[in-house]
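So this first bit is one chain, no partners, the form predicted alone, shown in structure tokens.
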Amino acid sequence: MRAEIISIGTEIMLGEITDTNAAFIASKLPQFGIDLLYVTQVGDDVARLQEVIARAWQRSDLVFTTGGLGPTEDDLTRECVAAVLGEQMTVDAEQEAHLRQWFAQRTREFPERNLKQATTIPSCRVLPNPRGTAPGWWVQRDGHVIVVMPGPPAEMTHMWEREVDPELERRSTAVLVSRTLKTSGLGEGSVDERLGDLWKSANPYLGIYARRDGVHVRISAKAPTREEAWALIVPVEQEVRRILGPAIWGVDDDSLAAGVGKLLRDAGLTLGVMESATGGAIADAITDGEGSTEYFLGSLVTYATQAKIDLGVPGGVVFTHGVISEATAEAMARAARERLGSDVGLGITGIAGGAEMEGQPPGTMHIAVTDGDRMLYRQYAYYQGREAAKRRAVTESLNLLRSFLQSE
């Protein structure tokens, strides 16, 4: 089955927003055996939008559009789909009532202009949008389908998961499922070498990807049903786990921070952090996980040297060894543990900016973890800009913490 995606909005063409919707949809299609052939971005212009939709309708079995479903004059997707198919738009009474109720529940006046969001065409089935005012359309005719979805990612992804994904699964004759195993501490070459003959398998087949949080191994299988595909994956996953062992820290949508959180929770331990170069980013990553209050007590963001000293880092350590040093990182880890009353303390100091400091290059980081008896330390240098340096520092800190917890 051939598919294409049309991302609609002048703001995309001007570079004001990033088109994440197309990437999301593209990532979902392979599991249904759908081949994505084209991705088009087009502005809010009637002639151009009609041209793009007409071309897609002629050459593809499935067309997915996002954007252009708002109430304003430049929201043109419904009108253009109707024009291309030669169908008349009418206001659907049920959708109008739902829309008016949506505004009433929020004690807001209903703008009559929003009525266009309650319109349908004869070939359309309405897709509910509980997260916004713009319902989607599932338009089917002459062996072709156009799925019309809103532009805001939170609305689009919710509609996809609740409405579009189940419909595509019902229609699919083959499905592709994948399991991603996430590793740390190993390079791409090392993972490739260790997995050896597994790479020769055609179904399931393996892929290896370097990501921010380590090297990922994806195992994908294709079969008539989801159950049959998973049955193909299971023995291969077991073998990959046997080979890579403790280097695997998570699967699929797991985050490294959540994996570390699980280790802390399972061990009944709490964590306190003192961070300098990362400016609170470690705390942000950890608290993204559900239930982090069970194991995370807090973070002391001590960007200035005096702040470190005021919160327990001995001045003698800082002035003797330097702010950016192993000794200071270790003192920060101890101070975090003592000040916050946690079982484990993590300290990080380094250079997030692009200038050399204390004779060390940009991107240099010193990280330490302690439980009062043991101390684990790591130093590295990585710099591809300030944002990348901080992001890498978070990953390295979580990896060090993971190693520490697993070595008990």
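None of the values given here were measured: they were computed from a predicted structure. Each residue number is its position in the shown sequence, starting from 1.
Note that the form predicted together with a further copy of the same chain isn't included here; everything after this is about it.
In terms of contact with a further copy of the same chain in the model of the complex, the residue from Glu290, Glu228, Glu161, Asp252 that brings a heavy atom within 4.5 Å is Glu290. Just one of Val126, Val236, Val301, Ile243 comes within 4.5 Å of a further copy of the same chain in the model of the complex, counting any heavy atom, and that one is Val301.
Put simply, Asp165 is far from a further copy of the same chain in the model of the complex: not one heavy atom of it is within 4.5 Å. In the model of the complex, a further copy of the same chain sits beyond 4.5 Å of every heavy atom of Ala97. Residue contact check for Pro361: none of its heavy atoms lie within 4.5 Å of a further copy of the same chain in the model of the complex. Taking the partner from elsewhere, Lys200 is found to have a heavy atom lying within 4.5 Å of a further copy of the same chain in the model of the complex.
Here the marked residues Ile12, Ser27 and Glu188 all reach a further copy of the same chain in the model of the complex, each with a heavy atom within 4.5 angstroms. Residues with any non-hydrogen atom within 4.5 angstroms of a further copy of the same chain in the model of the complex fall in just one of 89 to 97, 143 to 151, 165 to 173, 204 to 212: 204 to 212.
Contact residues in stretch 265 to 286 (any heavy atom within 4.5 Å of a further copy of the same chain, taken in the model of the complex) are Thr278, Gly279, Gly280, Ala281, Ala283, Asp284. Compared with the form shown here, the C-alpha atoms of Leu37 and Ala221 sit at least 3 Å closer together in the model of the complex.
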